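Have a look below at one chain only, the form predicted on its own, in structure tokens format.
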């Protein structure tokens, strides 16, 4: 089984979409929402901007985005999982004044036009990418951004320190699947999130890929490295 195969990932998140919101909110103790707010602020969103939300999931970033964009703003949200997009469609109704376009597309092969975005965000989707796909995504980010366009990405990561690392990974790999089962999800699916995280490590590899594209980049750590991120600009 190739866990990085796009069809496998699509099926995985389609299955998890029925319980993902509940499991994520409970298992993260609110940290995921806090990290989303922090990383969205690093994009320097202004009213009326057009923002690309790559691997948008169920639109979890929109509560942080909407007040910054205002009624003239636009969000182009992409995800390959129809199950996740169904959840995003439900969340979309909470923001009637914000123009949100939902697209079922692979972010590495999107049909969005060049230089269409003032800003770009991606939350908790990087861990499902291979090193080669990170290079593809970096090139796509450069293509989609306007000159002086900004971007921010965030992902669950493996923290430093032997004790903290092992406790955190035990939580991701052993306890979150139990929470998934209690909330009527498939524990094997939620176990995959820990496997992806362990393989991913942190956002340094993605930062290198973005720098290779000539983008200005800055590295961030959240809560002792339990999540990491990158923000920057297309010069």
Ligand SMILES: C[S@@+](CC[C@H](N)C(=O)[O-])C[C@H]1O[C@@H](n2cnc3c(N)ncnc32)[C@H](O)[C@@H]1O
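Quick caveat, the model's predicted, so the values are computed rather than measured. Numbering follows the first chain given and starts at 1.
FYI, the form predicted together with the named molecule isn't displayed, but the following is about it.
*Asks:* Heavy atoms within 4.5 Å of the named molecule in the predicted complex: which of the stretches 145-153, 68-76, 94-102, 116-124 has them?
*Replies:* In short, 116-124.
*Asks:* Is residue 106 near the named molecule? Define near as a heavy atom within 4.5 Å, in the predicted complex.
*Replies:* Yes, residue 106 lies within 4.5 Å of the named molecule in the predicted complex.
*Asks:* Consider residue 177 of the chain shown here, and say whether it contacts the named molecule in the predicted complex, taking contact as heavy atoms within 4.5 Å.
*Replies:* Flag for residue 177 set to no.
*Asks:* Quick one: does residue 141 come within 4.5 Å of the named molecule in the predicted complex, counting heavy atoms only?
*Replies:* Residue 141 lies outside the contact set for the named molecule.
*Asks:* Please determine whether residue 60 contacts the named molecule in the predicted complex, using a 4.5 Å cut-off between heavy atoms.
*Replies:* Yes.
*Asks:* Counting heavy atoms only and using a 4.5 Å cut-off, do 158, 200 and 227 all touch the named molecule in the predicted complex?
*Replies:* None of them does, since no heavy atom lies within 4.5 Å of the partner.
*Asks:* Which residues from 36-50 come close to the named molecule in the predicted complex, meaning a heavy atom within 4.5 Å?
*Replies:* Only 36 sits within 4.5 Å of the partner.
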